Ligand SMILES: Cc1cc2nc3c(=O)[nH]c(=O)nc-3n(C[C@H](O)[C@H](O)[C@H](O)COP(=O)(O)OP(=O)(O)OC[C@H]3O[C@@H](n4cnc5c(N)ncnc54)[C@H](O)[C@@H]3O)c2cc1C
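Consider the single chain below, provided in structure tokens and representing the form predicted on its own.
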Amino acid sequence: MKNNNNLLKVPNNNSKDAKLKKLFYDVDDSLFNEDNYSKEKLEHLCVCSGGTTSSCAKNGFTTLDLRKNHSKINLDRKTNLVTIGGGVIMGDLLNHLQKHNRSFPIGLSKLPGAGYILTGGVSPLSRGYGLAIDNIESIKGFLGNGTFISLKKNQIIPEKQLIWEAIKGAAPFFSIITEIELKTIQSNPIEIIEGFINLNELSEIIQLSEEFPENISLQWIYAQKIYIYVFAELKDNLEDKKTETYLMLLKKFPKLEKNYYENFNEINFFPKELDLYELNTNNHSEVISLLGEDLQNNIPIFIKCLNEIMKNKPNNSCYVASQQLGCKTKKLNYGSSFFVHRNSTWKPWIYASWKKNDLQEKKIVMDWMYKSWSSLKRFYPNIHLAQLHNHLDSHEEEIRLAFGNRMSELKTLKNIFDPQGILPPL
């Protein structure tokens, strides 16, 4: 345990600037002592696996930083299963696997920790390999009451089945996961079609993308301008021919460029050089992630709605972006995880940013985020809870829209395994 002599060094500026009450580096009995958490202040334990969220540290709260003592990575070359600690950064995982020509479906950023996996894990590779949670083989960790748990896929006794399913999507509310065993995939070459486009072109490309095969996915960001990535994994001659047919259709967009990479690890999505938005260390931010099905005939209405949102954005640091799901994410593990919205094709997110300590701008920016969310609900009615927002007024609605018909089961698990409310609240 450590007092807050130094600020927590994490990628998220909100959390980095927080003045901690205590800082733990390992899981021991004192962590589960309810006297550490003030009920009057609704205080609970914050957990940092990678430090990219605004919920991994808060003023006056205790943080458990898993990165120091839970960051081992071990690949079994016989099974190609990799075991990682709960504090492993996704970029480090990819670097380790690449030495053995293996990979894992991480997201657009290499900075998140294991929280990326446990809350779902949407990747440009997800259409071909499922969500990150679909690739979990076993876990170890602790329930909120301090009980050690060790669960392995296909060896789950009936009494532990609900815990296993809930860990895949809702782990942070009732457990601390210190070790995860994952399936890995063969590392294959990647072709990227990327560049700036206009709104009309985005409309056409979204329509085209909803017919993509499972090895191709679309990612886009609308900041100052619109930038897209069409991501294609090149696996074999038969699939490459089908891939080439679809990628040929993108040749009609003159500003798009083709780039070839030996593996996923070489790609740097939305790099700073593009100057798409301000990556300002003097800013704080919040992100809300949505989920919805194919847009189909609603694409023109969606584009009009998106244009209105961007016209009204309060500063150049705010943006809207989106990733594509579908194919395997709609088929794998249906009903056996707490990522309940398996019919989703799109995961857009709204990034709201303001000058830290400027409360007036923060209010304006957050109002814009909520209004934008309200406008997009008709297309994307559900939530992907990639970040916990129990400090925001929207928390209860986000939880309800994230877990849907499994909400009552999650509340039951919370009551049984985190009776003192040590972990983030529902």
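Predicted, not measured: the structure shown is a model, and the values here were computed from it. Numbering starts at 1 and runs along the sequence shown.
Note that the form predicted together with this ligand isn't included here; everything after this is about it.
A.B. asks: Please tell me whether the candidate spot formed by 139, 169 and 184 is one where all three residues come within 4.5 Å of this ligand in the model of the complex (heavy atoms).
C.D. replies: No: none of 139, 169 and 184 comes within 4.5 Å of this ligand in the model of the complex.
A.B. asks: Classify residue 386 as contacting or not contacting this ligand in the model of the complex by the rule of any non-hydrogen atom within 4.5 angstroms, answering yes or no.
C.D. replies: Although this ligand is absent here, residue 386 would touch it in the model of the complex, with heavy atoms inside 4.5 Å.
A.B. asks: Does this ligand come within 4.5 Å of any heavy atom of residue 177 in the model of the complex?
C.D. replies: Yes, residue 177 sits close enough to this ligand in the model of the complex that at least one of its heavy atoms falls within 4.5 Å.
A.B. asks: According to a 4.5 angstroms non-hydrogen atom cut-off, is residue 127 in contact with this ligand in the model of the complex?
C.D. replies: Looking in the model of the complex, residue contacts with this ligand do not include residue 127, since no heavy atom lies within 4.5 Å.
A.B. asks: Does residue 119 reach this ligand in the model of the complex, with heavy atoms at most 4.5 Å apart?
C.D. replies: Within the cut-off, so yes.
A.B. asks: Identify, from the list 143, 151, 267, 108, the residue with a heavy atom within 4.5 Å of this ligand in the model of the complex.
C.D. replies: In short, 108.
A.B. asks: Taking 4.5 angstroms as the heavy atom distance cut-off, pick the stretch from 55-63, 22-30, 394-402, 375-383 that is near this ligand in the model of the complex.
C.D. replies: Going by heavy atoms within 4.5 Å, the stretch is 55-63.
A.B. asks: Counting only non-hydrogen atoms and a 4.5 Å cut-off, give the residues of 20-51 close to this ligand in the model of the complex.
C.D. replies: Result: 47, 48, 49, 50, 51.
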